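One chain is shown next in structure tokens, namely the form predicted alone.
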Amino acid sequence: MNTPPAFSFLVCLRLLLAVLPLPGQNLLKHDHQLSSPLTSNLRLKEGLWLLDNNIDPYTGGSFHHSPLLLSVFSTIVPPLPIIWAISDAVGAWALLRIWHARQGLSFQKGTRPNVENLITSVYLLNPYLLLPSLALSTSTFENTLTLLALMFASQGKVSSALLAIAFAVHLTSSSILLLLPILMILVSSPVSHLASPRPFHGNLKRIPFLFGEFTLYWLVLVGAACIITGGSWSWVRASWGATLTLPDLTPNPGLWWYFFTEMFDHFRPFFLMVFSVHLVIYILPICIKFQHDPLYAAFLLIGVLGTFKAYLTLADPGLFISMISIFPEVHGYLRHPIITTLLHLHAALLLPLQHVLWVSEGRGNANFYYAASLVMGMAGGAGLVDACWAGMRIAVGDAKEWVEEKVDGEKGKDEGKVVWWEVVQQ
């Protein structure tokens, strides 16, 4: 297996960062932009301590991780930084495999090292992904499982893909948005058809059976979680229910927390329903519009999660930004990539600044930090809309205009202009 030079170098560098004691790593663990109540390493350690002392971690209302993570880190391996570094390496490897499957290339033959180096670098050097990983946020595992599910689906490995997405949904229920495009990839192909749209050509009769297999894996994981917790179902409300009920209003880069901080309790259930349904309504329109390229539909739904997720961290938009590297065919059709980049840069500078002014220095208020969160939302929305536009615009191609002036030689005047429009299909 030929790996690009950048992959080996960056993986070694990432492992070195995990082994060496980094100054300020403890500050990263407390940063609300890098970890949420559902992914915080501090909450995970608290749950492990409660479990070691024979106390149910889910009774206090502060622990929201999956029982499977609790079991793994309490019995198999401790939550060491090296585990997060290995997860990053696996994620970068999976992203490379997805690109190979999309291009119809064999991974054993490194035919495009420059592109492979770019894809690896965009993932492993992305600060939106690197910093949450250094903060030991469990969102790193969620991103890796998502990429593994897409990789196995692109390779046609049905059971592996469904098991990976079942694990991802178990860790964070928001990942259910990706189930339909993954099923579509399994019954069709990950190869790019953006430039030549056509009706969905997969075997739709297989989808119910694949969904049944996914449900079986998911139920097995639910049963394992119940066994781990001693038959208690309290973990369901504490982990999955937290995404729907938003019990912890700790500030984060997302759009939910401030809205429900200011919300009267009487209206809270209604708007919780509205915000939750808002995520779901994107699934069918995107999958129908991009039925000819379900991998691109999955990419867009990851962008939806990276913008509107309940407990958002920088790792969520980071995955969307890194995945755009495997769709080079749409890069030339992006309308405002510079504006989107500047919005992300603006948000990346504002979020830590307003966080320090409000939380650490006490010189600001929640409005300051939420204003920076709105900038982050604008950046995510701009990137998502631009990616949708580029995915549709590529099917039209480049419009070129030729103007020919016909001049009457006898009168010396223009008789008119003839304009031809030619559509060059890519």
Partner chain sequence: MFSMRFQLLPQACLLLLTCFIAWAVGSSGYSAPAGERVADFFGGHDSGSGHTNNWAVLVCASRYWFNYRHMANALGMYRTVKRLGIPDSNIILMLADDVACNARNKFAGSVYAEAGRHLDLYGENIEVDYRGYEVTVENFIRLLTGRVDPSMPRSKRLLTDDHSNIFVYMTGHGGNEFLKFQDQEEISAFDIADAFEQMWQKKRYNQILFMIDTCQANTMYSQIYSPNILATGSSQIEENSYSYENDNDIGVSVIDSYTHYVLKFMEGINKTSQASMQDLFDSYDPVKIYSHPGIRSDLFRRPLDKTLITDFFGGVAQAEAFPLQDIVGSSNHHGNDPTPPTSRKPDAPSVPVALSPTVVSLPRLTGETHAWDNRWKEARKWTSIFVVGCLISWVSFVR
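Numbering follows the first chain given and starts at 1. What you are looking at is a predicted structure, and each value in this text was computed from that prediction instead of being measured.
The discussion below concerns the form predicted in complex with its partner chain, not included here.
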Touches its partner chain in the predicted complex: L130 (any heavy atom, 4.5 Å): no
Partner contact for D56 in the predicted complex: its partner chain, 4.5 angstroms, heavy atom: yes
is_contact(I185, its partner chain) in the predicted complex, heavy atom dist at most 4.5 Å: no
Exercise: T229 in contact with its partner chain in the predicted complex, heavy atom 4.5 Å: yes
Segment that reaches its partner chain in the predicted complex - one of 339 to 347, 272 to 280, 293 to 301, 161 to 169, heavy atoms within 4.5 Å: 161 to 169
Heavy atom within 4.5 Å of its partner chain in the predicted complex - the one residue of L44, I394, L51, L384 that qualifies: L51
Contact residue in the predicted complex, chosen from L284, L80, V220, L204 - any heavy atom within 4.5 Å of its partner chain: V220
All of S8, L13 and L125 with a heavy atom within 4.5 Å of its partner chain in the predicted complex: no
Partner contacts for 68 to 83, taking its partner chain in the predicted complex and a 4.5 Å heavy atom cut-off: L68, S71, V72, S74, T75, I76
